[in-house]
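As a starting point, one isolated chain is supplied in structure tokens, in the form predicted on its own.
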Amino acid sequence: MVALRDVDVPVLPLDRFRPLVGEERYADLQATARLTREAVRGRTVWTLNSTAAGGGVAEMLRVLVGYGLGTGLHVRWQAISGDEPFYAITKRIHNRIHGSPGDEGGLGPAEANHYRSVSEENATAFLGEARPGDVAILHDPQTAGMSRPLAEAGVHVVWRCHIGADLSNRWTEEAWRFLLPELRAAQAFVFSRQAYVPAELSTARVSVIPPSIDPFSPKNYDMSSEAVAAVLQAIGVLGGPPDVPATFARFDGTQGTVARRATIIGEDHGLDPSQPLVVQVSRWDRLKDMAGVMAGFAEGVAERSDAHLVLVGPAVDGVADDPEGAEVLAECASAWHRLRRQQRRAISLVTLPMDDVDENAAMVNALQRQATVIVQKSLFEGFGLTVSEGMWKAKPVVASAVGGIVDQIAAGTGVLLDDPTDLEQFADVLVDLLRRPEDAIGIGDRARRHVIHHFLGDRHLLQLARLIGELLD
């Protein structure tokens, strides 16, 4: 029997948004919180996904659950369990919903039987604690198979899909043929973009709710230049010992200290703080195209600029639901070793430890704040919150015009690449930005203002709360 893992999240106060979003937005947030408490009274709102750490979904859930608790709702978060074949199947579904074949394995009757078996075990474990009338928000393909047994037990089921593709192909169609039968019992669906909603769900209760960032989290809170340098020196990215303690603000408001070092593949383990940095942060996932970023930078930027590229991802043993991570990292490391020496000197691969989620987030925060330009050159992207994270930090972002990235970058707030496979265009854009630092600063300033208006957590909370209220009405 599987065992679901409770994920503890500290209570987050809503009033921290007040000075940032203004009185009108804050008043709307308070009023909606009051109405939602009345609608949910006596029930638990559950959120279930596949992992407590690693990736944007887990990060977003920490924030949403924390603020949900801050409104007075009874909210609980549980992470499901699965075996290696289960996660291989769900990764295959993930890739194919994005329009990519992934490992080209099957999604036939044998895979469906195993997927349902694991899903039913998770549902049985969950129903040992849930009650009829509760609300369960299930996230992504890993939890979709729980919909039917939960609904039959009287739980209100919402399925939240964080992934998708703008255009359908044989792979997306195969993935949805596999998943849709598992979702018939769900009462409501949430997608990040309208284009991601499959035609079969067009008459269902569908809400479009774009993701958001929390400006107060360890990954996004404002850091001084001294604090940034101390963290990067502590993890080994910048040379020398920290001049001040490498401390950071934890999710619960307490102070932490960066004690772990990154694992770095590079010619030098100590970069000059004055050197321009180009940074991409993502999972070691083929759809994020870390290898393409490295190839484009090596061939088109390394000999035309003194900038250094840092590709940043999690330690591959720290993300339980991503079986491809170690393989992709190994491919990137092999490609790095094949580069010419001058190119290798301009590029580093950095894996960050996942032992402490807040410490990991503070490392990412410091790397993004040290960056001159932030990149997200994904081949496919459900939404890509690293774009809004970089924009919030007032950095110019160069990103592929795919998926939800298009929704985040408005005119003048970043640079969209029409073709993410065009490495020459990618390199030319980077070189141009690096040679125009004043224009890059202006783009970053406009980007931060854009995120405040459109991609902070108060808007996300409002939309989700209204959906729950409508579901229970």
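If you're wondering where the values come from, they're calculated on a predicted model, not measured in any experiment. All residue numbers are counted from 1 along the displayed sequence.
Only in words, not in the display: the form predicted together with uridine-5'-diphosphate, which the text now covers.
- Message: So, Val293 and uridine-5'-diphosphate: in the model of the complex, are they within 4.5 Å at any heavy atom pair?
- Response: Looking in the model of the complex, residue contacts with uridine-5'-diphosphate do not include Val293, since no heavy atom lies within 4.5 Å.
- Mark Arg283 yes when one of its heavy atoms lies within 4.5 Å of a heavy atom of uridine-5'-diphosphate in the model of the complex, and no otherwise. Within the cut-off, so yes.
- Just to confirm, Ile347 within 4.5 Å of uridine-5'-diphosphate in the model of the complex by heavy atoms? No, Ile347 is distant from the partner.
- Although uridine-5'-diphosphate is absent from this view, report whether Val364 comes within 4.5 Å of it in the model of the complex, heavy atoms only. Output for Val364 is yes: heavy atoms within 4.5 Å of uridine-5'-diphosphate.
- Quick one: of Lys377, Lys219, Arg96, Arg160, which gets a non-hydrogen atom within 4.5 angstroms of uridine-5'-diphosphate in the model of the complex? Answer to the contact question: Lys219.
- Message: Just to be sure I understand the contacts: of Pro215, Pro141, Pro396, Gly384, which is the one whose heavy atoms reach within 4.5 angstroms of uridine-5'-diphosphate in the model of the complex?
- Response: It is Gly384.
- Any idea which of 130 to 138, 352 to 360, 175 to 183, 253 to 261 reaches within 4.5 Å of uridine-5'-diphosphate in the model of the complex, heavy atoms considered? Result for this chain: 352 to 360.
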